[in-house]
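Form predicted alone, single chain, as structure tokens, below.
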Amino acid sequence: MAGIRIDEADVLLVVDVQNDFCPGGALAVEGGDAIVPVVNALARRFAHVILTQDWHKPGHLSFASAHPGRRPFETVEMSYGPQVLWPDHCVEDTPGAEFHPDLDVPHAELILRKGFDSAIDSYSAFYENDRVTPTGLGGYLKERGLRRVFLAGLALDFCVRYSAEDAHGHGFAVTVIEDACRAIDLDGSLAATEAGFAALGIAQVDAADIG
């Protein structure tokens, strides 16, 4: 795919480009920092950009440390369904929760914080992990007349994936910019993401395809 022309109805959703998801962080995604210059260049092509920010309270129930005897990357059953337990990360008002220092998107119109409820995780920019509690982003985009959502960020197979699939569910045209993402690939999660995108018809392109 080539030559996607960007217009006023398009928005770039930049997911969780934060210190804890980059090398040296508490939940580092391999090569996570490598997407920063790609995202910066992409953002300059969009009039409308939204940033999301993972923002957890200390002792969040998605942290393995909140479950004695459990280790990071194990899966447990929560009241809302299965939940991967993570290392403590992106704790509110800590350096790990800050955006990567080289992220340069001064014209971002909204910073959406997610995961701030200590009892439930939130991968998606649209819903908490119970899959019914909205963040309000869907309504925000529709009220502003934005119709196409382009996604970049971390991690492709978790927060980017859930955000892309939920954007599709809200009726937006969705495109994931692959070289502006990196994946964790936990227990086949990357393959599942690719299959999910294909099933929904979510486009995957490179940044060079964006006009």
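Numbering starts at 1 and runs along the sequence shown. Since the model is a prediction, treat every value here as computed from it, not as a measurement.
Omitted here: the form predicted in complex with a small molecule. The next part is about that form.
Contact stretch among 142-150, 167-175, 35-43, 52-60 - heavy atom within 4.5 Å of the small molecule in the predicted complex: Only one stretch qualifies here: 52-60.
Contact label in the predicted complex: residue 154 to the small molecule, heavy atom within 4.5 Å: Yes - in the predicted complex, heavy atoms of residue 154 and the small molecule come within 4.5 Å of each other.
Proximity of residue 184 to the small molecule in the predicted complex, heavy atoms at 4.5 Å: Taking the distances in the predicted complex, the answer for residue 184 is yes, it comes within 4.5 Å of the small molecule.
Residue 86, heavy atom within 4.5 angstroms of the small molecule in the predicted complex: Judged by the heavy-atom cut-off of 4.5 Å, residue 86 is in contact with the small molecule in the predicted complex.
Interface membership of residue 127, the small molecule in the predicted complex, 4.5 Å heavy atom rule: The answer is no: residue 127 has no heavy atom within 4.5 Å of the small molecule.
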